[in-house]
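Next up: a single chain in structure tokens, the form predicted on its own.
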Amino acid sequence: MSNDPYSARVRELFDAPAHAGCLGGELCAKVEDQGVRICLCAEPEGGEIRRMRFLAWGCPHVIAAAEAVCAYYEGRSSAELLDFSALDLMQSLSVPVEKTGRILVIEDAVRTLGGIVRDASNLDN
């Protein structure tokens, strides 16, 4: 058994976060709690998330989780953001139970972003 607190997937996502950064003119959700700060940004188009980016301050699990979220939702329906659950993400990244609160901060940001995208879509119609 390894003493490494990070799974290979967490290390991979943390080492090369392709979705780190900001988009110009995007819709953003910012949440700060549990020693974590996260800003999730989306560029929706035609009911889908065209691009997604993040800025995050936290442990490697938080950075890896934010990267995984952005990679997953690009090209998907923006409505799916409202149904995001941290449980699957925690399992796929082997996040220890003691970090649940930090990953729930990401869940709050994703769902908040979903509401912002939904509201912006309603304004466009």
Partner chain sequence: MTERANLVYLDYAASTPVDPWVAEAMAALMTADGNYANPSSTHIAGRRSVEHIEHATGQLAGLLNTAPECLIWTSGATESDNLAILGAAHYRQDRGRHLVTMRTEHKAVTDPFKALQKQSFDVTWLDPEADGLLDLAKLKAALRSDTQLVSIMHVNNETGIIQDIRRIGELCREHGCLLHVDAAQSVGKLPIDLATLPLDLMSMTAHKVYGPKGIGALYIAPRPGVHVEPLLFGGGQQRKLRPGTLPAQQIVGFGAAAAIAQSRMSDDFRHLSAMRERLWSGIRDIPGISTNGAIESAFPGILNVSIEDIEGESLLLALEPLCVATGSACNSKTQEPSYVLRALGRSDELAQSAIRFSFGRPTRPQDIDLAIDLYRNAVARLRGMSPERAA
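Model, not experiment: these values are computed from the prediction. Positions refer to the first chain, counted from 1.
Missing here is the form predicted together with its partner chain; even so, the following discussion is about that form.
Checklist entry - Which residue among Ala86, Ile63, Leu93, Ala29 has a heavy atom within 4.5 angstroms of its partner chain in the model of the complex? => result Filtering the options by heavy-atom distance leaves Ile63.
Next on the checklist: So, Trp57 and its partner chain: in the model of the complex, are they within 4.5 Å at any heavy atom pair?
Outcome noted: Because a heavy atom of Trp57 falls inside 4.5 Å of its partner chain in the model of the complex, the answer is yes.
Next on the checklist: Taking its partner chain as it sits in the model of the complex, is Arg111 near enough to touch it, meaning that at least one heavy atom pair lies within 4.5 angstroms?
Outcome noted: Contact check for Arg111: no, nothing within 4.5 Å of its partner chain in the model of the complex.
Checklist entry - So in the model of the complex, does any heavy atom of Arg11 sit within 4.5 Å of its partner chain? => result So Arg11 counts as contacting its partner chain.
Next on the checklist: Against its partner chain in the model of the complex, would Leu23 count as a contact residue? Criterion: heavy atoms within 4.5 Å.
Outcome noted: Flag for Leu23 set to no.
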